[in-house]
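There is one chain below, alone, in structure tokens, taken in the form predicted on its own.
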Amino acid sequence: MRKARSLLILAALASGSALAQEKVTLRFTTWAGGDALKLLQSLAADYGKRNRNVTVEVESIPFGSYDQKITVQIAGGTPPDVGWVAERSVPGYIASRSLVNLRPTVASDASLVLNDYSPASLALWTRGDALYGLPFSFSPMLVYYNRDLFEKAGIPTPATLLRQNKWNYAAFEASASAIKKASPGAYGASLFRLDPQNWAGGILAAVYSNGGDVFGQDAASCALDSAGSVRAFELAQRMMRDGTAPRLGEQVTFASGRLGMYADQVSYSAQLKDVDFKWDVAPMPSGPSGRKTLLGQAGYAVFSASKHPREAQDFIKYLSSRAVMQRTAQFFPPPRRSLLNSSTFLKNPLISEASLRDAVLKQVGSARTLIVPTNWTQVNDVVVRNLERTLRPSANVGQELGRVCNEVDAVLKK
């Protein structure tokens, strides 16, 4: 009996050794750019040195077309092995059974310590006992502001207004107007990213703080025509009409130095390391319903059609290790609580510890994740198609958002 068991163990070891020696190339997709992409490429190379039989190819796809390309690749039988997945894409991928359940892998590795993750960061990825991804970023939307433009306008910065308990959307709008007046070649602020496809960013912080929402309960109905949502979009319309904010799709970046305030996440700071003006970050303004910003999440996932699921899951274990998350924390606020509240995250080369505490740590508790239906892509298409019409200077925003909701509700019923 003992001899037979030994033979079985030797056979298992031999099998494992054979798999370990097989040459494997993993495709790892991301939408990272700049220094964040360089870091991921460096991590992939480091992993290859530790696992000589595995090569990881990092492929960056623009965020606006990311899910569309991944979906096409899945349909064509050429999916990536490992990839970033944004929070609003998670329900669709899980519903279509495109992601591997990582629970057995996580359970077998004590170093991953799920108890260290914020429960809110795991809820999005969990269905029953299954876990379809491991988050690496847990980032609230915050305000980047150009200190030079504020100084030229002679007005207090968002940080100063925050200390005076005056940092609200009325102050945001007034500051933007003052910047535009002092610097006619610049804009005061923008609540939208350059690509209208990604409209669900800074404007959602304004929606939430005004008591509005995108969806009703369980994402079963549209709430963009609620009073709070209308107030937020009217703010954006008013600022575009007054010329204090760039029009939708106008290619004016914060990094150009021509934008006084811009809403994005910590990872955007990587694009600002070489700019020739002074800048800082602050929490989003407060509104009638308090300070409720958007919480962005993204995680690592293994695609079900991967030809190398074992190696892909091992690569995710490496990326989610404490040591690696310490390295990525400079761009992505870590979901591991022991790191988020440590000097690992707060010693950022571009943002002061005080600003990170105000803009990230103090906002996380009240920040909200946008929970979307499985057919979010179709819903998003409806909103994007109607955005310009809704925000045109003469538009009745409430009526326009009512039309949007009629279309969205029809999509949700399909």
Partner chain sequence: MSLRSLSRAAYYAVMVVLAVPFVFPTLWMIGASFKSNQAIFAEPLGLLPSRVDWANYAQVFRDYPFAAQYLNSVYIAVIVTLATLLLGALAGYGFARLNFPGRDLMFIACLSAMMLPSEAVSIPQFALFKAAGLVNTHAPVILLQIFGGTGALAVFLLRQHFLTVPRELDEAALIDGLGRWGIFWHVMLPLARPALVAVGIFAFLNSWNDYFNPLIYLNSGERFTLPLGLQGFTDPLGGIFWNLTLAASTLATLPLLLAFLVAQRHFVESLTSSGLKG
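Remember, predicted model here, so these are calculated numbers, not experimental data. Take the two forms, superpose them, and find the largest set of C-alpha atoms that agree within 1.5 Å; that set is the rigid core. Residue numbers count along the first chain shown, from 1.
Same protein, other form: the form predicted together with its partner chain, not shown, and the subject of what follows.
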>> Taking its partner chain in the predicted complex, would 34, 253 and 256 all count as contacting it (heavy atom within 4.5 Å)?
In response: yes
> Which one of 331, 172, 233, 187 is close to its partner chain in the predicted complex, taking close to mean a heavy atom within 4.5 Å?
Replying inline: 331
> Tell me, which of 107, 194, 120, 95 has a heavy atom within 4.5 angstroms of its partner chain in the predicted complex?
Replying inline: 194
> Would residue 84 sit within 4.5 Å of its partner chain in the predicted complex, counting heavy atoms only?
Replying inline: yes
> Is there any non-hydrogen atom of residue 157 lying within 4.5 Å of its partner chain in the predicted complex?
Replying inline: no
>> Since only the chain is shown here, I'm wondering whether residue 305 would be in contact with its partner chain in the predicted complex (any heavy atom pair within 4.5 Å).
In response: no
> Looking in the predicted complex, any heavy atom of residue 113 within 4.5 Å of its partner chain?
Replying inline: no
> Which single stretch, out of 225-233, 163-171, 74-82, 314-322, brings residue heavy atoms within 4.5 Å of its partner chain in the predicted complex?
Replying inline: 74-82
> Though the partner is not shown here, which residues of 32-66 have a heavy atom within 4.5 Å of its partner chain in the predicted complex?
Replying inline: 32, 33, 34, 36, 38, 59, 60, 61, 62, 65
>> Does residue 75 move appreciably between this form and the one not shown, meaning a CA displacement of 2 Å or more on the superposed rigid core?
In response: yes
> Core-aligned, is the CA shift for residue 376 between this form and the one not shown 2 angstroms or more?
Replying inline: no
